[in-house]
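Form predicted alone, single chain, as structure tokens, below.
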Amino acid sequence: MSDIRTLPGFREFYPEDRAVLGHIFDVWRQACRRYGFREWESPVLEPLELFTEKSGEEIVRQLFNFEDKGGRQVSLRPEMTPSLARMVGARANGMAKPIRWFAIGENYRYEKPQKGRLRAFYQLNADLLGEAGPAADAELIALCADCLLGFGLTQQDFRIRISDRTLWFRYLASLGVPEANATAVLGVVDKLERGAPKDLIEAMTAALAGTACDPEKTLAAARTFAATRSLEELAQLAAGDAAMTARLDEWNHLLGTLKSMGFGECIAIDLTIVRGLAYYTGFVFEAFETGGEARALAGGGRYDALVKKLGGPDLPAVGFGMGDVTLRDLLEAKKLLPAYADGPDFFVMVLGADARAAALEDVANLRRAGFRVEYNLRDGKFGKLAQQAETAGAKYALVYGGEEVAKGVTKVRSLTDRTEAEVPRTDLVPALRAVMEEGMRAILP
């Protein structure tokens, strides 16, 4: 047989790895449900035009796209926002507003695999639609922070850097940049922190083609604006511009709401964040770890025009995505991932054929009661079965031998400290629930 390996950029999850992924999903779900969000799902295979309509034809080079056997141009989803916009748009008129949805799904992008970036990755998407005010943006930023805090991170471990495409557009207009060129200029701003000066001037020249704007002066002004880090500095730059001053009132609302909710330590103004996708329309934000490699952990913003663009009603929207790859790297570095704990609650040790019928009756009852239970499929001796129970990952063993069955009891044994206690089989379910909550002290004499 040939050496068949996993495709580049894809992952396989052995049970212990899948248990960690399940833990990440659990924390995400718990946070979203605390905020009143409802879970949804979309097809993993979508019409290609759903993504080209949103992002343009240039996105095709990042897609796993092909022609299916029916002659349709299709693609594995690279993200879920277009599917969300389509699904909400189809029923929006009959939905109570605001709409709070979240999804956890695997996405696929055909790009070079590297640290923190793979071709297949899981992502949480949380979106709030139907509310145009900054309270909705604050709600999503707060949820983003709570998702990270749910893993045991502190507000010192990450920063959510907030920016504003609306403010950028208004500032560029004050410099004389035509609206038609503003998005291209923001594409240059997106590269300010990592681009070489010569490359940035060339990119700005191309972005301002056909205008009277001076590329060097515009780039210098953009650097000054991007370096702004406080509302006071923004107010000075906005002086005399009524539209920019009015926008700062919404900034005050946003930051005030987040501080009132207790997230003041982990948020910061950073106008270098503009988010590369053209469909963002207002506040945008990204979460970064504060130490180590300063990796991006999440990102999102407002996209008020997308639902209408994809055929739905005019519906304001804001959302974010958080991937599992860099998040898991950070949690491993911080030693915040739980140990592999996907074993049974109880391992039933059946000692002999004369005890098997009673043991299997209790196994079935315990499973119906919601416990995770394993037992030895073949007869064995006590020492070997105790080792098997520990290997399975159980904390407790239930011992069934001829003596226990004759007395009508089950021997409950802690595999951690070797303490034991006998429990009447008729009281087994409530007794084991107490053990799960309080440990062996709940049943020890």
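Numbers follow the displayed sequence, beginning with 1. Note that the coordinates shown come from a computational prediction; the quantities given were computed from them, not determined experimentally.
This protein has a second form, the form predicted in complex with histidyl-adenosine monophosphate (HAM), left out of what is shown; the following refers to that one.
Can you pick the stretch from 68-76, 198-206, 114-122, 364-372 whose heavy atoms fall within 4.5 Å of histidyl-adenosine monophosphate (HAM) in the predicted complex? Correct option: 114-122.
In the predicted complex, does every one of Pro344, Phe347 and Gly380 come within 4.5 Å of histidyl-adenosine monophosphate (HAM), counting any heavy atom? No: none of Pro344, Phe347 and Gly380 comes within 4.5 Å of histidyl-adenosine monophosphate (HAM) in the predicted complex.
Would you mind picking the one in Phe102, Phe320, Trp168, Phe158 that has a heavy atom within 4.5 Å of histidyl-adenosine monophosphate (HAM) in the predicted complex? By the 4.5 Å heavy-atom cutoff, the listed residue in contact is Phe320.
So which of Lys309, Lys191, Arg109, Lys334 gets a non-hydrogen atom within 4.5 Å of histidyl-adenosine monophosphate (HAM) in the predicted complex? Looking at the other structure, the residue within range turns out to be Arg109.
Verify the contact flag for Phe225: yes if a non-hydrogen atom of it lies within 4.5 Å of a non-hydrogen atom of histidyl-adenosine monophosphate (HAM) in the predicted complex, no if not. Phe225 lies outside the contact set for histidyl-adenosine monophosphate (HAM).
For Glu289, is any heavy atom within 4.5 Å of histidyl-adenosine monophosphate (HAM) in the predicted complex, or not? No, Glu289 sits far enough from histidyl-adenosine monophosphate (HAM) in the predicted complex that none of its heavy atoms falls within 4.5 Å.
Flag Gly282 as yes or no: does it have a non-hydrogen atom within 4.5 angstroms of any non-hydrogen atom of histidyl-adenosine monophosphate (HAM) in the predicted complex? Gly282: no contact with histidyl-adenosine monophosphate (HAM) in the predicted complex.
With heavy atoms only and a cut-off of 4.5 Å, decide whether Ser174 touches histidyl-adenosine monophosphate (HAM) in the predicted complex. Result no; Ser174 lies far from histidyl-adenosine monophosphate (HAM) in the predicted complex.
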